[in-house]
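Heads up, the chain below is alone and in the form predicted on its own; it's given as structure tokens.
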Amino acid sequence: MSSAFYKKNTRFYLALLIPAFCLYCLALIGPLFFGTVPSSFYDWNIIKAKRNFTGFENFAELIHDKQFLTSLFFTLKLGVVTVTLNNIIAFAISYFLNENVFAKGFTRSMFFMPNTIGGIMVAFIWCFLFTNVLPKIFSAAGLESMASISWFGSGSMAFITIVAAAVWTGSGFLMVLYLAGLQNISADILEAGEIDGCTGFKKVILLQLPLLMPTITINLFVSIAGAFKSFDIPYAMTGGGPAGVTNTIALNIYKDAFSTYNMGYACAKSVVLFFIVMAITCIQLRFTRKKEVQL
């Protein structure tokens, strides 16, 4: 259809967005700006049901909160590792599944399947693997030193378990988007590149990845936002332990709100998290969109 057709029906298309926009405001925008942000300026304990206005005191306290700073560092580290691995693995899988693979549809669905499983169930699956299956495999292979590893006994090992579970469940969705992007690349462009000698790894780097920049932009945005909201998998696998070194920001906020019932302080942390995620995603979108313009 021509662009004139779309311009003529702009109001109709905008009207179709109104129900979804209203639900978005009701579920996200409204609670954030009319609930979380105002509450962050109060000393509010939900058990005592008292609210005392303290201004920016909650935000000032965050600077000296070692648990919050530790959870912030851990979340940043978790985000860098999972976002990188998720996107690399998802692209690699989608690249090979875009070729002539036996039972292509079934294979794709198997890679996507982990994404349909809830985070708590994923955590239980990987806890079972690390505590029961892997030790038996290592013992059978004669690797007794590996079989005796305490996967949840130290912060570094617990970090590996969380990353493994997060990558396993997160790469399937990104794979679908990469696969759609690869299928939208014109075969004529690829053929022309092959005629000019751009084959194999060079074709991936010089042709396919640049043409996938819109998809990469979306996938980075989705994976970064998901990494900073990590809660269910760390909560079910480690509970923030050992000694609180695997606390994510979301888990730290949850403990403040529903363990110590300091809702005002938890809201202040939520506001800080919102601005951190917004800043990082804005930088990422600006950088990747510049790459799209250069195509």
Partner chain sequence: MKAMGKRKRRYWIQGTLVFLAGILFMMPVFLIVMNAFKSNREIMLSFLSFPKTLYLHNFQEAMRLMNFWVSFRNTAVIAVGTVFLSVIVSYMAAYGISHLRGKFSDGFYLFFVLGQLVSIHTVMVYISVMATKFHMNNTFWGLILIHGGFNSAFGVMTYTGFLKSVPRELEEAAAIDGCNAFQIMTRIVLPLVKPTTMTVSVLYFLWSWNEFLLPSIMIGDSGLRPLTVNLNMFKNTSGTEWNYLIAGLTLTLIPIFIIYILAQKYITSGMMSGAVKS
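Residue numbers count along the first chain shown, from 1. On a predicted model such as this, the values are computed, not experimentally measured, just so you know.
What follows is about the form predicted in complex with the partner chain, which we do not show.
- When the partner chain is considered in the predicted complex, only one residue from 147, 129, 76, 160 comes within 4.5 Å through any heavy atom, namely 129.
- Put simply, of 177, 198, 209, 85 only one has a heavy atom within 4.5 Å of the partner chain in the predicted complex, and it is 177.
- In the predicted complex, the partner chain lies farther than 4.5 Å from every heavy atom of residue 202.
- Not displayed here, the partner chain is approached by residue 254 to within 4.5 Å at the level of heavy atoms in the predicted complex.
- Mapping the unseen interface onto this chain, residue 99 counts among the residues with a heavy atom inside 4.5 Å of the partner chain in the predicted complex.
- Using a 4.5 Å cutoff between non-hydrogen atoms, residue 232 counts as a contact of the partner chain in the predicted complex.
- Using a 4.5 Å cut-off on any heavy atom, the residues of 109 to 139 that reach the partner chain in the predicted complex are, in sequence order, 109, 110, 111, 112, 113, 114, 115, 116, 117, 118, 120, 121, 124, 125, 126, 127, 128, 129, 131, 132, 133, 136, 137.
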